[in-house]
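Consider the single chain below, provided in C-alpha cells and representing the form predicted on its own.
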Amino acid sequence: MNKNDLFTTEIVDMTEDGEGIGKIDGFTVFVKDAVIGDVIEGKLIKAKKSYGYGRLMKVLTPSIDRVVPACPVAAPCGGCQLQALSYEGQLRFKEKRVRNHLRRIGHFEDIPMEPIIGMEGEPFRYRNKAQFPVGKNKDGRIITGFYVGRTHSIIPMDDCMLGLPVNRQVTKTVTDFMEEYHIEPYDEGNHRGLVRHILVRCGFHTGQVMVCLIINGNKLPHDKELVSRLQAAVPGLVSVSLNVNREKTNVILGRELVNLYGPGYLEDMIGDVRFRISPLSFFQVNPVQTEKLYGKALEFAGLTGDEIVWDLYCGIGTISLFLAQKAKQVYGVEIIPAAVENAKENAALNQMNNAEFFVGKAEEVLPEKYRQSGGQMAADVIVVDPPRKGCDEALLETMVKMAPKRIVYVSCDSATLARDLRYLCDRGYAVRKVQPVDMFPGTVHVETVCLLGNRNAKPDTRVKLSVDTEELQRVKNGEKI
C-alpha cells in the first residue's frame, strides 16, 4: 500500500495506545479513533514496508461496543483515548492488556487474575485534579483547555467530562482576571508571558478546593484581587497559591511555592484516613477507585496486627497510613524530602504512632536500617508502588535479600510490572493474586495490584489462643462444658 491510498478494513484489535488495528492482505494498519469490531474506510497517511498509519474517514459498520463520546472534543484531545468504546469494552481491553503483558513480558502462563474492578455508575466526573494550559486563540483571546494529541496546540475546553464542574468556575475567573489586567499567558515559542497553567484540586469527601497558578515569574500582579474573585466564585475554596516555573521545559510544576491564601493545602479522605495535600503532592486522582485499590492492597498484605511493613516509594504516606490501621509498625521510604515531611504530618494528623518515614533510596535505606536495628526492622510484608518505569533492579535485589513473607506490588504500568514480577519470581517468589483496577476510565491506563508469596518462607507456627475466662473458671470448678 502507498501513502494516500483509501482502504476498507475490519478493526480486529487495539494497540496499548488505543489505536485500532486492521489487516489488509498481510499489511497492518493502525487507525486512531477506530474501535474493535468497526468496519471502516480509511486513508493511509504513513506507509512502511509491512505496516502503516491511517486516518479514519468513515465508519461503515459500527462495532457493537462503539458509543458516542460524551466529550465534544474527545477525538482531537490527547487526554482520553477510549471514549468511543463502551465502558464494558474498555474494561475488557484493559484486563486483556494486563494479561498480555504478564504473558509476553513476564512469561507467566497460569495467571491468578481476578476480573478487573471498574467504576460503578457513569465513568465520568471522577478526577480530583486538573491542569489546564493557558494560551491564546487566533483572535488573541485568552483560552484554557487541553493539548491536541502529540502537540502543544491548545483545544479550548473548560469543562472536561472527567473533571468536576468547579473547574469551569476557576478557569473562567482566572482568564477574566487576566484579560482585565492584561496579564499575558505563557508562550512556549519565545519563553515569554506569565501564566503557564492553572491547577485545580478538589477534596471529594471534604468539598475543599485548591487553586494554584503556575507562572513564569516570581509574582502575579494584583494577586489580592484574584484571591478575592476566586473566593466569591468558588464554593469551598481553602487555598490559592503560585508555583514558580521559569524553566524552558515541558514539566508543568516548578519547586517553589508562593502562598497567597489559606494554609497552602487542602484535606481529603481515603477511607477513614485523612490527608493534607499540597500542590506538589502526589495523590491518586480518582478517590472512589483509590479506596478500592488500597483496600485490595490491604487485603493482599494479610495483616493481623503483628507485622512489620515496609512501604517503598511511599510519597505522602497514602498507602502507609492505610496499612498502619492493621499493622504493628509501618516504615515508609521516599526519595523526595518534602513528601516525607507531608507523610509525617499526615501520620500526626491521624494520630498514628506506628508509622515512621525515612528520606532516601529504598535500596539504601532498607539494608542500613535493618543492620542498625540488629534485625528488629526486618520486613514481614513489603509494599511497593513505583512510578511508571517500575523498580530499580538494585531495589528488587534488596527486597529479595530482605525475604519478606509477602510482597504487594501496586503498578501503574503493567509492562514494567511484568518485568519486575519475573525478576522476583526467578528468585524465590510466586504470584498468588493479580487484581486490575480501572482508575482512569476513558483512557488506556490501568492500575494493577499483585500479591507475591515467598516460596522459601517457613510457615508461621505461632498459634493464637482465645480463652473465655468464664469457661476457664468452670473448668477449675470441675464443671462439664
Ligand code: SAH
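Since this is a predicted model, take the numbers as computed values, not measurements. Position 1 is the first residue in the sequence shown; the rest follow in order.
Keep in mind that the form predicted in complex with S-adenosyl-L-homocysteine is missing from the display, and what follows is about it.
Residues with any non-hydrogen atom within 4.5 angstroms of S-adenosyl-L-homocysteine in the predicted bound form fall in just one of 142 to 150, 254 to 262, 385 to 393, 201 to 209: 385 to 393. Residue-level contacts in the predicted bound form: of 361, 274, 172, 136, one residue has a heavy atom within 4.5 Å of S-adenosyl-L-homocysteine, and it is 361.
Site annotation in the predicted bound form: the residue of 398, 216, 278, 284 reaching within 4.5 Å of S-adenosyl-L-homocysteine with a heavy atom is 284. When contacts are judged by a 4.5 Å heavy atom cut-off, residue 315 counts as touching S-adenosyl-L-homocysteine in the predicted bound form.
Contact between residue 309 and S-adenosyl-L-homocysteine in the predicted bound form is not found at the 4.5 Å heavy atom cutoff. For the chain shown alone, residue 294 is a contact residue for S-adenosyl-L-homocysteine in the predicted bound form, at least one non-hydrogen atom being within 4.5 angstroms. Proximity of residue 319 to S-adenosyl-L-homocysteine in the predicted bound form: non-hydrogen atoms within 4.5 Å are present.
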